[in-house]
Structure formats: structure tokens, C-alpha cells
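Shown below, as C-alpha cells, is a lone chain in the form predicted on its own; questions about how it binds or moves come after it.
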Amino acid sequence: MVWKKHDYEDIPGSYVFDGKIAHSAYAMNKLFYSFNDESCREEFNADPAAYCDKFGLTDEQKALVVKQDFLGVLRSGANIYYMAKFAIPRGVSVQDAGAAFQGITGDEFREKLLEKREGLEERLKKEGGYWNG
């Protein structure tokens, strides 16, 4: 398949989930989706590498999944919602994953969230009930 280059591909620090990325990460996202079933989570936990092979992950994707490299998994095309199905059963909250994406601790990430909420009600009133930021 031929993909057209987009301007957003060169935004530093951005990992855009688009058709190109979704296509290349289909097997990995399908694996994460399988974690809806407890039996699949148990099978993965018993032998992560074999479970990755079952879904046809590339060697790079397999290494990221086995190492539980959440930022690497995101960069390689994981859908954030499916990745949560991978992270949460392993004791990593969405906030912890967000912290890992930014290279900070979970406590630092939670503090940033609390700082962002300061004045939120006033911003919502100013923006007519909607705030983008």
C-alpha cells in the first residue's frame, strides 16, 4: 500500500495514530484487544513471546511488548485504548503510562494534572463550557 506523507509526521514528540501507523500495527493492536478475555491475558502471562508469535508481531514489536516498553509500544502504533488493555492488568495505570510517555514519575504526572485543573472552571466559563487544552 502506498501512503501519502503528511505534515504532521514531522512534529517533534508527536506520535500520530493514522492509517499508515494503524496498518503497520494491526497485529499488535489485535493482540492487545484479545486481552478483553481473561483466558487470553493468562495465556500471554504464561509465555509472552509465544503469544506475540501467535499474532504475528514483528521482531521489534515483540521485543517492545515482552519488555513492556509502553512508550515504545505507543510509538510503534499502539492504539492508546488497546494499549490500556495491555498496561492496566500489569499494574500500570493510565496515569503511570502517561508519565512514562513524558519521561517523568507517576507522582510528577499526577501533580501536572492537578496543576492543569487550577482555574479550569473559569476557563470553561470563558470558553462557553468547552475547553481545549
Partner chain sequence: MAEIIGGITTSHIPAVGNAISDGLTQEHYWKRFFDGYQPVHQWLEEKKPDLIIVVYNDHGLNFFLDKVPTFAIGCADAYQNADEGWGLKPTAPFDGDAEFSWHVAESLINQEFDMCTCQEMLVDHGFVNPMRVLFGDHEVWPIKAIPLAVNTVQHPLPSARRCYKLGQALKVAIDSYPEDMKVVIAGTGGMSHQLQGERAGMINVDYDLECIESIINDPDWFADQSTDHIMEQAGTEGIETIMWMVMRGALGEKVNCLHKHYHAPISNTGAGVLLLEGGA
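Everything quoted here is computed from the prediction, not taken from an experiment. By rigid core we mean the largest C-alpha set that fits within 1.5 Å across both forms. Numbering follows the first chain given and starts at 1.
Here the subject shifts to the form predicted together with the partner chain, a form of this protein not shown in this document.
Residues Trp3, Cys40 and Lys62 are none of them found to lie within 4.5 Å of the partner chain in the predicted bound form, as judged by heavy atom distances.
At a distance threshold of 4.5 angstroms between non-hydrogen atoms, Gly72 is out of contact with the partner chain in the predicted bound form.
At least one heavy atom of Asn79 is located within 4.5 Å of the partner chain in the predicted bound form. Taking the partner from elsewhere, Pro48 is found to have every heavy atom lying beyond 4.5 Å of the partner chain in the predicted bound form.
Using a 4.5 angstroms limit between non-hydrogen atoms, Gly56 is distant from the partner chain in the predicted bound form. In the predicted bound form, Asn79, Ile80, Tyr81, Tyr82, Ala84, Lys85, Ile88, Pro89, Val94, Gln95, Gly98, Phe101, Gln102 are the residues of 76-102 with at least one heavy atom within 4.5 Å of the partner chain, listed from first to last. After superposition on the rigid core, displacement of the C-alpha of Glu118 between the shown form and the other one amounts to 2 Å or more.
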